[in-house]
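Read the single chain below, which is given as structure tokens and is the form predicted alone.
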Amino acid sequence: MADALIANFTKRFPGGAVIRGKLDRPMRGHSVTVLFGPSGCGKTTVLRCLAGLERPEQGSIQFGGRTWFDAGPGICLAPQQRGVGFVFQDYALFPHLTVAGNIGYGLPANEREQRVGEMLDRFGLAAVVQQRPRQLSGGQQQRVALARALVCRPRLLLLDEPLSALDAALREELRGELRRLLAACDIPVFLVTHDRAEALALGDELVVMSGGTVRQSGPVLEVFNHPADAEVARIVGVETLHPGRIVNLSEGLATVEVGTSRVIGLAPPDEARAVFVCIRGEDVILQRNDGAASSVRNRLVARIVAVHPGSPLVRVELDAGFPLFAFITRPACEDLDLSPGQPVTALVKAPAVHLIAREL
């Protein structure tokens, strides 16, 4: 495919770590592909190999029909030959240069003023053009780093943990702004993060990595809601992940024994009987045991084990014959007057029960 990134390479490090990057992504216009997974799983190494900052030992990387790397004939284009923009985790701004100096660094002198001016306008930095990085807020530093990466008009933008240098409150505030800025760039983006909220807020596609390999890829919500295996389910943060056994299949629904209870979910595509039951906390509705009518298939009699206040949701740990977790709002928690030991009914719709085959 001419408008695609096709990569299949292996990078080895002294000490035995092996990173295998396998990607096949269309690259037309704006899209954000998130490389997601725990620290140390190889996300940043994949990004650096794409940028040309690391050289794999095997495989190849092609972008837009052009070969960037091929271990066979020994092709390895330098970073500046690949037409990529790279934003480092700590932004890597030159401390002695002004905002204008950072953005325009490396540009031809006859183009510098015009192109820096364009970036200042696009990123709202004209008012701080003569300030140095230490005088800027975290959000302003991020915009300068993005402007510097984009001023050379790259065909691909790579961001390594772009919000990790900021405190939690500022990260939450700047997610929306970053999404808007990336959309305005109208070029494909690869973004590394291990933060679930960032992946959901910023990504269109998700590539889940673990142990140096790609475990699953696809649209963000598809991967988060339908993990391919138990390892991916743990990585994307499925709160309830418990072994069960299918005891009945009928009309596309599966009845599963899990702990001392039974739940109904969508039948898995294979013929597995041994499964993991996956339920997201936000898909669990709690109500008092008042016998209220409901069309929800799974009505689980449960007892509260613990209540963990958080922001913005409260995490409720339940015993429903198996460990079950729910996320509810603070007002709902107060209205229900939830406390440990209290009996409740947990409602879970059948489509929210995701079943993954497991080996015995």
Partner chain sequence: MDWQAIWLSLRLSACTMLVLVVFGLPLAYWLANTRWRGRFLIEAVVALPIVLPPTVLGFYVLMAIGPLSPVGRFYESLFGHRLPFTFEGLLVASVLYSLPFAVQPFTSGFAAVDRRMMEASWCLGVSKVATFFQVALPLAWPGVLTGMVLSFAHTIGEFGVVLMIGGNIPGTTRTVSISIYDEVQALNYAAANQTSLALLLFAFAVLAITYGLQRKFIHVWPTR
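Just so you know, these numbers come straight off a predicted model, no measurement behind them. Positions refer to the first chain, counted from 1.
One more form of this protein exists, namely the form predicted together with its partner chain; it is left out here, but the text below deals with it.
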Check your understanding: Which single stretch, out of 174-182, 222-230, 147-155, 193-201, brings residue heavy atoms within 4.5 Å of its partner chain in the model of the complex?
Key -> 147-155
Check your understanding: Going by a heavy atom distance of 4.5 Å, is residue 79 a contact of its partner chain in the model of the complex?
Key -> yes
Review point. So, in the model of the complex, is residue 121 in contact with its partner chain at a 4.5 angstroms heavy atom limit?
Key: no
Practice item. Considering only heavy atoms, tell me if residue 74 and its partner chain come within 4.5 Å of each other in the model of the complex. Key: no
Exercise for review: Although its partner chain is absent from this view, report whether residue 90 comes within 4.5 Å of it in the model of the complex, heavy atoms only.
Suggested key: yes
Point to revise | Contact assignment for its partner chain in the model of the complex, among 238, 207, 254, 84, heavy atom within 4.5 Å | key: 84
Check your understanding: Which of the residues spanning 99-118 lie within 4.5 Å of its partner chain in the model of the complex, based on heavy atoms?
Key -> 105, 106
